[in-house]
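Consider the single chain below, provided in C-alpha cells and representing the form predicted alone.
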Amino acid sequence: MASEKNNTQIQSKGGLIVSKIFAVQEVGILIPLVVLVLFFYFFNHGFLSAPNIFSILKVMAFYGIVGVGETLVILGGDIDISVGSVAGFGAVFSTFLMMKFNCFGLLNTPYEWIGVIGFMIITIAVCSLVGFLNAFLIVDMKMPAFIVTIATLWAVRGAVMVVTNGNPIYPLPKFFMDTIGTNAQIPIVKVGTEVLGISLPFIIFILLIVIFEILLRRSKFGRNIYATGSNREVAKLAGINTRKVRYINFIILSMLAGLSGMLVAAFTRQGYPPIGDGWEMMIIAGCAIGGIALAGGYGSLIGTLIGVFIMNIVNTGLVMVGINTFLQQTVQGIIILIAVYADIVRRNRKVLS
C-alpha cells in the first residue's frame, strides 16, 4: 500500500511538472515549430540539409534584429510599421556615404575599416532620429501610432529613392562586403568546397535576445516597459516616466532596423533600394506568433525568437515544396490572422482568470 501511494505521488508530481512545462508559453509555441519542420522535411528532405539550415538562420537574423526592437515597442503598448523602410534607408544611406566620401579617404587602404565603421555609426545615429520623430508625434502630439508609422514608412522609402535614384549602390568597400558580410561567420561544417557556419547577423541577433531578455526580466528598464504596456495611466501614477520609456523603445527600434539594413547590404554586396520591403508584416507577425500581446504588457524575447523562426521556416518551406509565390503571401496572411486571433484568446483568458 505504501509503495502504491508513493508511486501515485511520484506520478502526480511528474504530471504536475509536465503540466507546468507546457504551461510555459514558449514551450507551446515550440510545438507548431516542430510540426512545421517535420512537415516540410517530409515533402523535401533537403529542408534539413546543412546549407538550408544555415541559410534560414542567416535570413531570420535580419528580421530578428529588428524584431527585438519591435518587441520592446509592442510591449510598451505601441506599434511601428515603418521598420522596413528604415532598414532600407540604413542600407542605402550608409553605402552612399561610404562611396561618396571614399571612407574618409581611406578606401582601398588597410585602414578602410575606420571609414566603414564610422559611416555605419553615423547611419545608426541618423536612423535613431526617425525613431525620435515617431515618438514625438505619437507620445507628445498624441497621434495614432499606426497612422504615424505608416506615414513614416512612405516618407523614409521616398528618401531611399531620392538617395539612390532607384539604382543600387555598388561596388562597396571590401571590408564591408567581406569582413562584415560574407566572410563574417563562425565555421561549423564544410560542404564540398564551401565552409558553412553561424553568420555575424545571427550572432548579433542572439546577443541582442540575451541582453534585452535579461534587461526585461531583471532590470527597472524592463519592468517599466511591461508596466507602461499593461496600463499606462496606472504606470504614471506609480511614478514611471512612460514618456521616456516609449521614446527609448522607438529609438532603439529604429537603430536596430538601420543596423539590420546595413548587414543585408553587406551580404548582398550592394545598397539595394528595395531592402526592407514587406519586413514590417513579417516582423510583427513573428512577434504575435511568439506570444507578444499586441495590446502590450505581455510576452518575451524568447517568444519573438521562436516566432521569427517559424515565419522564416514557413517562407523557406513553401519555396522548397514548390508553392506558388502568390499563394505564399496568402499563407502568410492566414498565419497573421491566426496569430492575432490567438492573441485575442490569450487576452480574454487573462481577463477571465
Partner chain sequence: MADSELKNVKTENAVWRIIKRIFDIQEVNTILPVLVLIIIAIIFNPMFLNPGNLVVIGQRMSMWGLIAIGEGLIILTGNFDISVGAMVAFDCVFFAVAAAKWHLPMAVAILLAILLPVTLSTISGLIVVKLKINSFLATIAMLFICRGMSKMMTNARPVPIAPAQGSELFLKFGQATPLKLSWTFFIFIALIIISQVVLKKTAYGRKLYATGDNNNVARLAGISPDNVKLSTFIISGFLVGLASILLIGKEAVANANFGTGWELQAIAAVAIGGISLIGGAGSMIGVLIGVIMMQIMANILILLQINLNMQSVVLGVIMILATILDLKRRNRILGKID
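Numbering follows the first chain given and starts at 1. A quick note: this is a predicted structure, and the numbers were derived from the prediction, not measured.
Unshown form predicted together with the partner chain; subsequent notes refer to it.
- Scanning I240, I124, L107, A159 against the partner chain in the predicted bound form with a 4.5 Å heavy atom cut-off leaves one residue, A159.
- Only one of the listed residues (I206, A151, I114, M99) places a non-hydrogen atom within 4.5 angstroms of the partner chain in the predicted bound form, and that residue is A151.
- Each of P144, I284 and G333 comes within 4.5 Å of the partner chain in the predicted bound form, counting any heavy atom.
- Not displayed here, the partner chain is approached by N165 to within 4.5 Å at the level of heavy atoms in the predicted bound form.
- Contact annotation: L327 falls within 4.5 Å of the partner chain in the predicted bound form, judged by heavy atom distances.
- The partner chain is not drawn, but in the predicted bound form it has a heavy atom within 4.5 Å of L137.
- In the predicted bound form, no heavy atom of I198 sits within 4.5 Å of the partner chain.
- Heavy atoms within 4.5 Å of the partner chain in the predicted bound form are found in exactly one of 90 to 98, 249 to 257, 276 to 284, 182 to 190, that being 276 to 284.
- The single residue of 74 to 105 lying near the partner chain in the predicted bound form is I81, the criterion being any heavy atom within 4.5 Å.
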